[in-house]
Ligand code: NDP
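Starting off, we have a lone chain in the form predicted alone, written out as structure tokens.
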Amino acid sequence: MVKKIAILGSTGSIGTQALEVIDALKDNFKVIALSAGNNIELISKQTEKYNPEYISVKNESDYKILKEKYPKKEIFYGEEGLLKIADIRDIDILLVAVSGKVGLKPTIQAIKNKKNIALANKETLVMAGETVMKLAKEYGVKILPVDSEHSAIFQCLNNRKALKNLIITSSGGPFRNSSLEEMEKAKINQVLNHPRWNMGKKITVDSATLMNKGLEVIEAHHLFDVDYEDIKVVVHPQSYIHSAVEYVDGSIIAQIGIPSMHIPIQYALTYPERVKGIETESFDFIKASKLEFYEPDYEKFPSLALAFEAGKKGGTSTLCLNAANEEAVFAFLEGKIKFVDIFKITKRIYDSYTSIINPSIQQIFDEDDKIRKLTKDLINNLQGVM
């Protein structure tokens, strides 16, 4: 059966790799809808190649250009455009590969339309994990993880009753062997020089602070309904073991492979089948020879500990953590603050915040807006001081 797919974020890292997977499995998929941010040149090329029925872009100006270029297609823009794609009845799976909070509303909309979700958007579960997973259960929808770590756990977790621990691996980022003094002086190009993965700027900065790993812990808690005490983080520089599951009898089942996002993307799109798709290099145990594992350094990377704290606190604490961190990361990328200030600003906002338990969807967005404004104000007031 041909699966009909819609991709939110088709011009980003995950979206373009998903289309490469589809190229390798072209008889298995039909692209129904694509959405993009500001990359009108690439979305135009994708439209020519995949001939989607629906297209959405971020800005009205790009919408007008595409509407004139493709008058027979359904074209949308803005947040409303993402919701219209989520409303399309004639799709089997929605790949949510946009970054930021814009992924939440269309995910919820698609769930209510009983569409399975391939999820590559962290904010959806960090902001509203309890709500999203409850709705998925209510509407009988599968949330299929695309992140390599969560995909690994998803593939290894075959007996929840016998689960002891989830083990999430981390490469350690570019500063694993750096001193605090070196991190104090880190420049943007050093922060963006990830040793294993080629990703967007925001997630690469989060990987350097290990906040990304903290957000993955929060996601894992919601995806797999596992207590935070039973989620462990292990630094594994080689990034061959993508994550693992430990069972009560002492057995550990791990998912191993070369660092490649094509594999988890493909598994999410073809689930429950495994098929031959993109030709990837096979993992060679002999060539690998040495696998290293370390405990995270929470003094150098306090963002990871703060993520655990926010997750255990619950409610909108994780939303606060995410929003404050994201605004601080943007400020760093704009050259407004130092790398180490990202955590200081996030912690300051987090410590002053009162969490809301069981928030409504509207409260989630209202709180997110409030926290982002507070963070921006703090950054503006502290520029030149920190």
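These numbers were taken from a predicted model, which means no experiment stands behind them. Sequential numbering from 1, following the sequence displayed.
Heads up, the form predicted in complex with the named molecule isn't pictured, but that's what we're talking about next.
A.B. asks: Considering non-hydrogen atoms and a 4.5 Å limit, which listed residue (Asn38, Ser355, Ser44, Asn51) is close to the named molecule in the predicted bound form?
C.D. replies: Result of the distance check: Asn38.
A.B. asks: Which residue, Thr209, Thr316, Asn121, Ser170, is the contact with the named molecule in the predicted bound form, using a 4.5 Å heavy atom cutoff?
C.D. replies: Contact residue from the list: Asn121.
A.B. asks: Does the 4.5 Å heavy atom contact test between Thr375 and the named molecule in the predicted bound form come out positive?
C.D. replies: No, no contact at 4.5 Å.
A.B. asks: Classify Ala97 as contacting or not contacting the named molecule in the predicted bound form by the rule of any non-hydrogen atom within 4.5 angstroms, answering yes or no.
C.D. replies: Yes, Ala97 is a contact residue.
A.B. asks: Would you classify Ile14 as touching the named molecule in the predicted bound form, given a 4.5 Å non-hydrogen atom cut-off?
C.D. replies: Ile14: contacts the named molecule in the predicted bound form.
A.B. asks: If you check in the predicted bound form, is Lys58 within 4.5 Å of the named molecule, heavy atoms only?
C.D. replies: So Lys58 counts as contacting the named molecule.
A.B. asks: Which one, 113-121, 268-276, 303-311, 172-180, holds residues whose non-hydrogen atoms are within 4.5 Å of the named molecule in the predicted bound form?
C.D. replies: In the other structure, the partner sits against 113-121.
A.B. asks: Please determine whether each residue of Val102, Gly200 and Met261 possesses a non-hydrogen atom within 4.5 angstroms of the named molecule in the predicted bound form.
C.D. replies: All three within 4.5 Å in the predicted bound form.
A.B. asks: Within 4.5 Å of the named molecule in the predicted bound form, counting any non-hydrogen atom, which residues from 132-147 show up?
C.D. replies: Contacting residue: only Asp147.
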